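Included below are structure tokens for two forms of one protein chain, each presented in isolation as structure 1 and structure 2.
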Structure 1
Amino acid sequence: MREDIINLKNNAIGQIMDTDSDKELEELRIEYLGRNGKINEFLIDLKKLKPDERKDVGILINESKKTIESTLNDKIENLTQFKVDTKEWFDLTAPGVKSEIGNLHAQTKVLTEILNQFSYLGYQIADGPEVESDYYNFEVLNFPKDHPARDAQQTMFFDVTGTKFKPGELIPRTHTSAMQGRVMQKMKPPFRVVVPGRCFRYEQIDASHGVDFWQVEGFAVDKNITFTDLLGTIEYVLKGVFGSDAQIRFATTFFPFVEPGVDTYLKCTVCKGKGCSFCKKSGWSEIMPAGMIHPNVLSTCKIDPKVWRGFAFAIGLSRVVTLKYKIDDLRTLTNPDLRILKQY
């Protein structure tokens, strides 16, 4: 009988807690506490017990009754107190109030995405001078003086009047590849390095050219690096940045500091390869020139090309940003109009 009482109490509490309906609560009150309710039934049965048991069971019944009563009363009180008018009209579409936060520039965000890919592959970030010497910008990289390979990099040079330098010896660097020699001359392989930074070219400014722009250079040197590792690294990074469905293809090209030379084309993410103004109607965007580091470059940096091999590549950061945001004019990236900045 004790067990039955406890079960009855627990059932009652469970049912009370489960309902939010006034009507059901009233029904439960009658069911358990009413004149012909279940508690009263137990009280009647009490008489059937032996006198020495009656007292304890009687106490249990009374306690259970009180518990059910108080649970029921609490529930009714809660329901009335927090009852809301379900018919009340409320406009959920009314505008909210936004906290005033600022925003990072698209270039910062995209650069972070790119550098994250490299960090997963164990690359460390380096940063170096933009006021650079002809030596690191060209000579270390196997660009002889007076060689037409330099034509591809229209170069500005600093006014060196009054210094020991000859005109042309100090230049605003034309590519982040200038950091290859700086790092390689100071460190023994193996290493994996990525260098984001500003570069400068003598260019007339228009929708696709600027006097300064950003590159992300990467290079790795190790004993067993292969050509397929270069292709795989490019694919890994571009898929990381543009999504796993990004399509890339490779072509042969020439830069004095690599051999073999590789050019990377990304299927235009704007038109999906149909041809548009972003890809000059070709459906593909040239995005990441690369190659195996030329043995002359390694030798110049006192790294034995018979023991070590490396690869290098460069990403045009501004190009990636414009592709990701579908911006058709490079000058947008340096436009400080808040109507633009808010969209990044």
Structure 2
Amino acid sequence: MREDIINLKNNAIGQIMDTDSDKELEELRIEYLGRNGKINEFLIDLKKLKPDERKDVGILINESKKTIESTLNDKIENLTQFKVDTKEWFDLTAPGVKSEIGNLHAQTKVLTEILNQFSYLGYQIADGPEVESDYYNFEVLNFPKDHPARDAQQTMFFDVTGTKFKPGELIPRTHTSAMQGRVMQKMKPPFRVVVPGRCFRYEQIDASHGVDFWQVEGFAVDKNITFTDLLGTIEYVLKGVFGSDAQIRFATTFFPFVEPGVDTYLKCTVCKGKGCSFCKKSGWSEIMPAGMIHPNVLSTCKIDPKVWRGFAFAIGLSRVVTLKYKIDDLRTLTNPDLRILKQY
């Protein structure tokens, strides 16, 4: 039966490609794909096969059916596209209108490049809600309600008057780190995950800060993960994006959800380290805070910190894009002027 199915598919494709008639195409559709068509005859004959053969033959029949359908639809579309009304005169020598050719946004390009780097390292890509609960945005990440580090997040809040939510319970997420708890509660370690997405904070808008910005959160949990694994991952990814000559340095920092915490700085590509408004005259730009996942976070997500360890990082995607293309103002990325966007 396998050989008969393959021959049927090849014959159908050949007949479809050889005809330019709408009527003949419809006849071929009925002949092969209709209720009493040849494909259905094979499906009826499936019950005659042994149980261990039915699955493979069934898959072959379905694949052949999809191939015939696809070929038929492509042929119909092709005929429709190039069909010319002979009653209306058309000047084939008339010059055409040049179409505008679009291009990917600079941020889309860099995001794809970063995700490809992590895919090569075995990371899965996850997505999460931009409207988040206080529980996942803060409490799961070791931010109790009275923790002073919450002030640094510059959180915005929704007006929940007249809804079932309590004030402060629902917020625009301040970081994609909010997905850590959601993933850890559903997946069993070991795992490696990256989460790209938009974040929102009540920031003072300037050349390197915005109310609406993008991050790429990443975290890995396994039994033998060390701090040097984190530093090696950061260096690998950043040098993959900026080139092997990229200058990186680390500094200790504090975040409630990591211990120890580290901040990653890249030598400013806009001023080449001389100091400018983008890097606040320091010559270096903060782009990737990170650290070892705090045991409290693991425990909250029902992961035993005595058995499992992990690291987490948050790439400031918007800043990486500006540094990649040497843009001196973050607001350029959201400027709708095509004359600007086409440069990247």
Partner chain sequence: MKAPISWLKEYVDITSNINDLMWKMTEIGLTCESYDEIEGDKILDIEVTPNRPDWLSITGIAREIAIIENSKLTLPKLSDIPKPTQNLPINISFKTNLTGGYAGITISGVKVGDSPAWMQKRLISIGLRPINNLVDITNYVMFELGCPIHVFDYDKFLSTDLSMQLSKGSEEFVSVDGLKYKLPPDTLIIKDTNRVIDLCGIKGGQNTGISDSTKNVFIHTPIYNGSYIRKTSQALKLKSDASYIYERGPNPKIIPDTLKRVVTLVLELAGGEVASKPIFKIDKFIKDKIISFDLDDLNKFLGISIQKELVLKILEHLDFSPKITGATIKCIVPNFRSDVNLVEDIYEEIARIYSYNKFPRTLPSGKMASVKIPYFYDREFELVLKNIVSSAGYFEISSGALTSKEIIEKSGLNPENHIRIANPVSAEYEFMRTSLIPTLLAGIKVNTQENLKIFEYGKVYFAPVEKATEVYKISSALRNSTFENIKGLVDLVLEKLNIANYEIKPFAISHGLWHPNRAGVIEMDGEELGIFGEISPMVLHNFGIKGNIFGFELDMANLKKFQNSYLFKPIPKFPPQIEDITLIIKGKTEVGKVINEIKMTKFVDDVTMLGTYQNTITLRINYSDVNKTLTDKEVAEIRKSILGTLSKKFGVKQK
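Bear in mind the structure is a predicted one, so any value in this text is a computation, not a measurement. Think of the rigid core as the biggest set of C-alphas that the two forms share within 1.5 Å after superposition. Counting starts at 1 with the first residue of structure 1 and goes up one by one along its sequence.
- It is structure 1 that shows the chain in the form predicted together with the partner chain.
- When the rigid core is held fixed, the Cα atom of residue 38 travels 2 angstroms or more between structures 1 and 2.
- Residue 333: CA moves less than 2 Å between structures 1 and 2 after rigid-core fitting.
- For residue 190, a C-alpha deviation below 2 angstroms is recorded between structures 1 and 2 after rigid-core alignment.
- Superposed on the rigid core, the forms differ at residue 55: its CA is offset by 72.5 Å between structures 1 and 2.
- Taking the core as the reference frame, the CA atom of residue 279 shifts 2.3 angstrom between structures 1 and 2.
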